[in-house]
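Considered here are two forms of the same protein chain, supplied as structure tokens in two stand-alone entries, structure 1 and structure 2.
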Structure 1
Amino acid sequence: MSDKKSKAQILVVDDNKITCEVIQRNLASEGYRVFLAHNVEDAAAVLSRQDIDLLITDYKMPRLTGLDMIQYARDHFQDLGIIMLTGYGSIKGAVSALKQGADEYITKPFTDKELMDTVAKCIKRYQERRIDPGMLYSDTWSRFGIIGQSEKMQHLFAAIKKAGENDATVLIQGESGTGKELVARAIHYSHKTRSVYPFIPFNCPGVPPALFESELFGHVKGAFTGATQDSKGFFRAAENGGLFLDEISELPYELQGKLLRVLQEKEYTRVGETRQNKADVRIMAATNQKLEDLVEKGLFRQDLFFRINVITIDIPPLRDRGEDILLLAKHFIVKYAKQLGKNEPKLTQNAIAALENYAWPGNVRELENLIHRNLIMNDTQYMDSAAFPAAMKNTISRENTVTLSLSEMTRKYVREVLAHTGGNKAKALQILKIDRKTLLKKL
């Protein structure tokens, strides 16, 4: 008997005391802890006192019935398994039980095996969904803020570990919001010696081309108009540590050559100076476009690509690692509830289904924003899909987007966010956490 199973707590509600006791004996012999109630009021009291995993209720009871019981339980305790016991041939009873939110029904009379199998199935389903908060942070990588338990994430963790053990240049590829910067930081901070030196992110498209060289390599006072004093530059700032070249695919072609030179010579020159400076810097670069494709199109220098691409880490999109969705959602609920000083709401079954079915074109960032927004806006004990944007409820699902390209899907998502905000671009920008230029580009 597994440890988990022995800990499951079951509440049996039946006005017939003998039925209750027979079921209790059976379940107890399997290691479950069983509570009994003979009417809905008593059952409600048990539910509020004990942490019940599964409710088994009879259908026909005097006054309040099994349906009332289910309704009460679903309204108050949504991550609870529910099994309804119905009379022989009572299809109507079974149907209304399921409609009301029961997970399973068993028709009387039933065998011990039938009962045990249904109970085990129900408990398993709910235990899988109930995530022990301790589990969130049990592995090494969560201390770098990276959450994930899927096989794909296990591969990613292995790659991060490898990269953290040496100084080779790393190229991190993944869609927007998949955690590229998070991974770069994890690589940096797990390095034996570099971790105590700075990790410096450099946003390639954020720097005007004219200033690129001076920003990256530094300049001396008077090197150009506006150079009123010496500047260190990012390479110098990252000395002994790591430089993270974010969105490297956006680097203008002519600047790619300048970067290549540093990577080859491991030396750079400040603007306005001829002296060479040694660069002891670990380079990491990120892109959300496949660099190889850009090389083929002649938009990215092949020689630079080869220089950067010593270790490649591909981060899979969230929709390809469905097992991580709920884990991440709970992680963000814990995180933002704490930050906002609120109680952690529980996810309803509808919310769980919506989260798991959605395609997440904005990946983990989109999920994080959704949870954050919900915690700000709502003070309820439950987080339900009713509060999720319309875009999530039906239009995009993991099933029906497999034929869309990434850019089509992104466009679709951006449009739906705009629809959600009633066309208000400023609000949409806040939700998407992108700037106006990017928004226009995406559209």
Structure 2
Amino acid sequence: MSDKKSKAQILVVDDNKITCEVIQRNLASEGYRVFLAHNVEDAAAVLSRQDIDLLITDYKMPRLTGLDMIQYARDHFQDLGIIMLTGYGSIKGAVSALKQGADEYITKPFTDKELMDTVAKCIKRYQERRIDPGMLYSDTWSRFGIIGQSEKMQHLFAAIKKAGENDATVLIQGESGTGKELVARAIHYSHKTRSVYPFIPFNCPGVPPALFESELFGHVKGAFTGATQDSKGFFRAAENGGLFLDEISELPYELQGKLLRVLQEKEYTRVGETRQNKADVRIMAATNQKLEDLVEKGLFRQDLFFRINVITIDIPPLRDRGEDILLLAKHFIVKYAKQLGKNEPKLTQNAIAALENYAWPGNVRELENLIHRNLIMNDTQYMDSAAFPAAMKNTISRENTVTLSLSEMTRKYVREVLAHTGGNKAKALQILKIDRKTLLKKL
């Protein structure tokens, strides 16, 4: 949809005709096309003949309720956005609605701003549901093998492109799990000539110091005990291509000088051999630590730091990548559902909130493991935060709240606590440290 407000079609279901008309008037003033229904049967008829983007349904209705409406919609229209309307005394019903497949709920009475903001959020989510993440970002995915649309990732893609245009050494910095090797591969395969030659990763801390020279530069037969045959080493394996030195900050100090000499002279000698070998290799190094700090502490050679730090690329942590979190989650859901032969579960609103608000200390690797584990253990059609680790349920929202008034912020926080406790007011009162009368007043 190029213009969501002029094209989005919304169905409002409420047995109260006045409520329906008020919502219709407000939404129509923003350019949405609105259809009305006063019961589930009429709503089902509208859904069958109209291409509805968003369903707004009341919770309490005679005979068939809002929960029945949600169940019908989810059974027949998988890509439909759903908002539940509920009175302040029906928080438990709202939580049930979220678990059953609603995207959002609004507590009556609500302001025009609350309605419009929630509708806009759901319409955006609806648009994203209809697009395969791999297709949406096919350009960056096909060029770099990396998914991302956030502003910080666009800066990263630009840096990868620049680094791929030359042979300068590259230092890739980022927390564990951010995808430093993916970035190194992207740089290598962006190079116009080296991309046809091997990309070889070398895990610096994974090699015992006694074997470092042998592994990196190779050795000849009989050079030391156990050397029963020649070994070409990683530099030779990466000839004309790229050598990725992962976690270079973990390289013992006494070995850093040997690596420096090779980078300076562009030559190396195999263990047990005197002949020099040319090192026509593009070097990329990665670290999850600040090398400047290690240099100051005397743990990392300054000359080696200068040698590898010609181009520096910083990978943003997942918690700073905004919309990329859900994009990646959907990507991993598609990936592992296909791998496991399962249907792709839908994320509940609670799951989405948990994913967006969590700090992700393990970054993309942690997110991938979480999705993989849940798909293995979960056989339902929804993925809910109830199955997430406890730490994810107790994180503070990353949403920017500085533009909210104090009353709006209070209302938002109270609702989040109630959602967290599953509508249990007694538990909510313990967390909020207020009495029941005050809670009802704030609601």
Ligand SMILES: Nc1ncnc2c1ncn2[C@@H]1O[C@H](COP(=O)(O)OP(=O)(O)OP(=O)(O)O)[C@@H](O)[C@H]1O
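Only the largest set of C-alpha atoms that superpose within 1.5 Å between the two forms is called the rigid core. Treat the numbers as computed from the prediction; the structure is a model and nothing was measured. Counting starts at 1 and follows the sequence of structure 1.
The form predicted alone appears here as structure 2; structure 1 is the other form of the chain. Gln381: CA moves less than 2 Å between the two structures after rigid-core fitting. Shown in the overlay between the two structures, fitted on the rigid core, is a CA shift at Phe212 smaller than 2 Å.
If you fit the rigid core between the two structures, you'll see the Cα of Gln71 move by 2 angstroms or more.
For Leu432, the Cα deviation between the two structures after core superposition amounts to 33.0 Å.
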